[in-house]
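Each of the two blocks below gives one form of the same protein chain as structure tokens; they are labelled structure 1 and structure 2.
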Structure 1
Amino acid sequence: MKRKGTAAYIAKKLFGFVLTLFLVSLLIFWLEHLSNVDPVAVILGGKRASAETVAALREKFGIDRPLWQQYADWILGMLRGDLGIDFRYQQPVWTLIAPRLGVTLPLIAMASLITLAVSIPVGVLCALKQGSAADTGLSAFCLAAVSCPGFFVSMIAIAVLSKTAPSIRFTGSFSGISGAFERLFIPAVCIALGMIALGARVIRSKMITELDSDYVLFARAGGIPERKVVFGKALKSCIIPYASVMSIQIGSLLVGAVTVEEVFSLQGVGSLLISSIQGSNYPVTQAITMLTVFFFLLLTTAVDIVIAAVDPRVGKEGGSLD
């Protein structure tokens, strides 16, 4: 019975994933064509051109074709991994994005690992010592951290570290794993801070409710050691809302890290998106937008499916998460 409900739920999630991606692609394509910027003008970049050149360009970039055909070309190309050719440099879009991913993906990975490593212990500690000085202090810190924009945290970090640790470099290129670690660690901490605070708050509030519930009382009464009750039983239920919140946070980072990358002069995916938006370079904007939404949906859907697989309540009539 349970298996059937879960399988149906997972199938529904997967169908929703594909359908949403399709609708998103329509929306992105339609939005770009709403704006009144002429792609040919962008391609020419202000240079004069004869009517023949313009016609040739229109043909080369497929702008002369009917809209539905342009959409079909674009989406089929995407499915084959061909992101198109950009207007400004007339290069394959992928060659512009790939080096940026080399910066942003390690940054996201580091920020996520730091978040997972810190937020869970902090949340559990606050819940266990509810009302103590440690809890009050950490909770106040978390409130402050969720209220500060990432770029502001980064600027504080630079202001403080440039005084206390002048040997740290905040600009320039880097290479190799140790170079990346050195250069990306502080930006990753700045990104992680807000997520740690959010995650710790989720764990704390859920943990407090769980520790107050009947099954915990029963486990304690049965003589199960407190450590096992907290980490073996109560924490399990906390992980579910925590995972949903975190998948949304981490999924947003591909572009969401842009303000922090800006402060630390990192050439990430976000800054490429911003410059392509400002330059009306649609093929790049569309490709990055699609990639980001794909990454975001993939992560959130995967977490939903894993939760459904481990949590018997999901997919059942009347069963829901919070």
Structure 2
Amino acid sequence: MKRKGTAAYIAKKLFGFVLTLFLVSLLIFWLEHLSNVDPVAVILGGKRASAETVAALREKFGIDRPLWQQYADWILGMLRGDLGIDFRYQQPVWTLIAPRLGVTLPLIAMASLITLAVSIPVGVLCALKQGSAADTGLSAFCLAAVSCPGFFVSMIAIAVLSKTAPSIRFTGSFSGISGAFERLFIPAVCIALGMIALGARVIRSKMITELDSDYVLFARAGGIPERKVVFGKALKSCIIPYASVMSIQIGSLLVGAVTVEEVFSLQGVGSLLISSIQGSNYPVTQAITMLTVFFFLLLTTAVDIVIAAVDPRVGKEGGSLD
């Protein structure tokens, strides 16, 4: 019965993943085509052209077809790995996105690792020192960090570090692991700060509940060392709700990376998205937005499925992580 409940839960999650992706694709396509900007004007770059040239461009890019057919062509192309043709450079969209992934993916990976390395210890410390000055100070810092957007933190970081550490580079390209670390570490911290605060608050809240539970009291009464009680038992029970929250945050990192890349002049996917929006280059905008939603949904769905496989309670009707 447990296996059937878990299987039904997983099937529901997969169906929700496909349905949400389909509905979002419709929304993205519809919003992009609400603009009054003529795609041919974008393709021509403001130059004049004959009626024959305009007609040929409309046929080449498929924008002379009904909207439903344009949507079908776009979504079927996405399923085949064809992201469309860029209006500005008239080349495959993927050739524009691929080089920039070498900036954005390491940035997201570094921000995720920083979040995991810092948020869990901070949350555990706050729970163990509940009500102390350390707990109050760290909790206040977490509340402030959650409230500050990434671009604001980035501007503050540049202003402070420009005065205190002028040797740190904020512009220019990089190469190699050491160059990437030097160039991406500060932006990664700026992106991760809000996630660290949220993750620490989740760990703190859950850890306080676990430390007051009966099984922890029995473990302590049985003479089990405090370190094993905290990290071997109580913290283990906090990981599932923490993973559930963090999967959503990490999945949305690309959105946070957009503004941070602009502030730090990083030539990643985020800066490409902004320039495409400004230039009404909707094949690129659609592709990046759709890929962002796809990876966000994929990560959150995968984590939910793993949690359901690990904890059978999740697969039950009305199951809870609490």
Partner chain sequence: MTDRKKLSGFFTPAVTVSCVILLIVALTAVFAPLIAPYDPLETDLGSTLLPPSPSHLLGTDQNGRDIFSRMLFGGRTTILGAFGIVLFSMAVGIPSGLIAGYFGGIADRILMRVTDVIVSFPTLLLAFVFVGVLGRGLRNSVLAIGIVYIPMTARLTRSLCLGEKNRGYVEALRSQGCPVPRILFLQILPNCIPTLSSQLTLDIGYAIIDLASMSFIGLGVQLPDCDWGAMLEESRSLIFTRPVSALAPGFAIAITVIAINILSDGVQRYLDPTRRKLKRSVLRHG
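Along the sequence of structure 1, residues get numbers from 1 upward. All values reported here derive from a predicted model rather than from experimental measurement. Basically, rigid core = biggest C-alpha set you can superpose within 1.5 Å across the two forms.
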Same chain, two copies; the copy that is the form predicted in complex with the partner chain is structure 1
Do you see a C-alpha shift of 2 Å or more at Val229 between structure 1 and structure 2, with the core held fixed?
yes
